[in-house]
Every structure is written in C-alpha cells, then in structure tokens.
Ligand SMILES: Cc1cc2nc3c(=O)[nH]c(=O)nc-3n(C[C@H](O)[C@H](O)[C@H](O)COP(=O)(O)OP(=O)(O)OC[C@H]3O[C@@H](n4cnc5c(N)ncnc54)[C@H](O)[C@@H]3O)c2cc1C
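The chain below stands alone and is given in structure tokens; this is the form predicted alone.
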Amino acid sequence: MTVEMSTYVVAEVSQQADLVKTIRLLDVPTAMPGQFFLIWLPGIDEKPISVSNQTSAGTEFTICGVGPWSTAMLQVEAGDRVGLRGPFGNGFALADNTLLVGGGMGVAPLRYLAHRLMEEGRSFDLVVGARDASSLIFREEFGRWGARFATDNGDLGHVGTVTELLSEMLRLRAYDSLYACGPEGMLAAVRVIADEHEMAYQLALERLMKCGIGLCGHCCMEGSGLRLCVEGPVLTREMLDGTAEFGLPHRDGSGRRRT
C-alpha cells in the first residue's frame, strides 16, 4: 500500500459505453481483485475506484460519468497526469468452482477477478447484468469466457435481473461459493439466494471512502463498525452478519442517511 500521492501519466483512454471510459496507467503498485485506489484529479476531487484489470501492459480503471469528478475524468486524455494512492482495502480471496455475479459498473472489478482466476487455472462461471445491451461493459470479453447475460429490457440474454439468472444457474449445478459486485440492492438479493443455498460468498460493497486507511470513519458500517476501506470493501457472510445497515441507503459526507 502506498499512502503518499504519486502522479502518473495516462498511457491510454478507451471507451466502453456511453459515459463509460477506461484509463490505463503504467507502473502502478500491484493490487488484488476487489482492492481500490484513490484517484486524484487536480482541482476537482479524489475518489475511490477499483481496478478493472492489471497486467504487464498496465493498470486499468473503468469510470462512469455520474458526478462532477467522474464527469471530469471522462475528459482526461492520453498524456494527462492523475494522482494515485493505494491499493487499499481487502480484496477477493481466490478459490475454485465459483460463480461470479456482476451488475452495472460492478462488472469492472469482476473482470480483473476473472483474469486472475484464469491465470491461476481456477474454475468459474459468470453471470452479468445491465439495463440494456449498450450499457453492458466488456461484453465481448465476457462473452468469450462463456458468460451468461441478463438485461432489464431483454435485448440481450435473460429478460430480467441478474439475480433471477443467478437462481437459474444454481438450479443447474452446484458451486462452492459466490463472488458478487454491483448495486447494493443486487448484493442484498445475492446474499438471500446464497443463504438459501447455504453457500459461502464474498460481496464487494461501496461506501463514501476518503482517507483509505480507516481514520476518518466515513465508510464505517453500523453494528459491526467495519471500515470498508480497511476490512472491506470485500466482505464475507461472517463479516456481514454483524452489520446493521447492509441494503439501506448510503450516508452522505455529513453522515446523514440518504432517503
């Protein structure tokens, strides 16, 4: 982990979907799938972003333009500089015979996880969901790995939610555990399904993370006191059992619960 901020030249920018781009940086510290870095855009802000891939060719971060910082990040071009510190947090523990479940932008860190599982020769299957085919990022790559898709409008794969497709997959065969990343409502549904099948799981959660080292308290989970920037963002069943706010609206920077 590198707490100090360092600047990196953007080697490449590619577009995955409308308002979604990937930047590639060189010589970034090694991270486990599920870990995140804090990326600083001078004059704008600093935000946590998970790694969407890391190879000898560089480290990739995939960003969706939804607010001031992420919208500004979409304007970054090759040759520009960004600040970076990390990696932070607790990543996925790699295992065999797993089912990977991703929704929305949560499929980005699952892409890196899939790469690492393949590198280690571990067996896994993939189910990936989005609103529609045009917003399903890395679709061709996931397709080459045999992923099954779900779209809300039905223009690709299963018509409906990715958790419906997950239930279908679990009726077809048994897996030892689940990995999941996506909106928290989706993760809450994945948790219920995994509990019904008495399966182990690892869920990657999202909260407001500022310091990255567990001091500021912005990402603490009620009940357990877990700091997602340190003990998370990937949590197991045992870790979630003591948490009272899983599935509830997130708090904003002032600590107020969003409605």
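We number the residues from 1 along the sequence you see. Note that the coordinates shown come from a computational prediction; the quantities given were computed from them, not determined experimentally.
The following text describes the form predicted in complex with the named molecule, which does not appear among the structures shown.
Between the options 49, 28, 194, 221, the residue in contact with the named molecule in the predicted complex by a heavy atom within 4.5 angstroms is 49. Although the partner is absent from this view, residue 40 stays clear of the named molecule in the predicted complex, with no non-hydrogen atom inside 4.5 angstroms. Not displayed here, the named molecule is approached by residue 66 to within 4.5 Å at the level of heavy atoms in the predicted complex. For residue 187, no non-hydrogen atom is located within 4.5 Å of the named molecule in the predicted complex, even though that partner is not displayed.
Taking the partner from elsewhere, residue 166 is found to have every heavy atom lying beyond 4.5 Å of the named molecule in the predicted complex.
Looking at 100-108, 141-149, 116-124, 158-166, the stretch with residues near the named molecule in the predicted complex, meaning non-hydrogen atoms within 4.5 angstroms, turns out to be 100-108. In the predicted complex, the named molecule lies within 4.5 angstroms of at least one heavy atom of each of the following residues of 199-234: 205, 206, 207, 209, 233, in sequence order.
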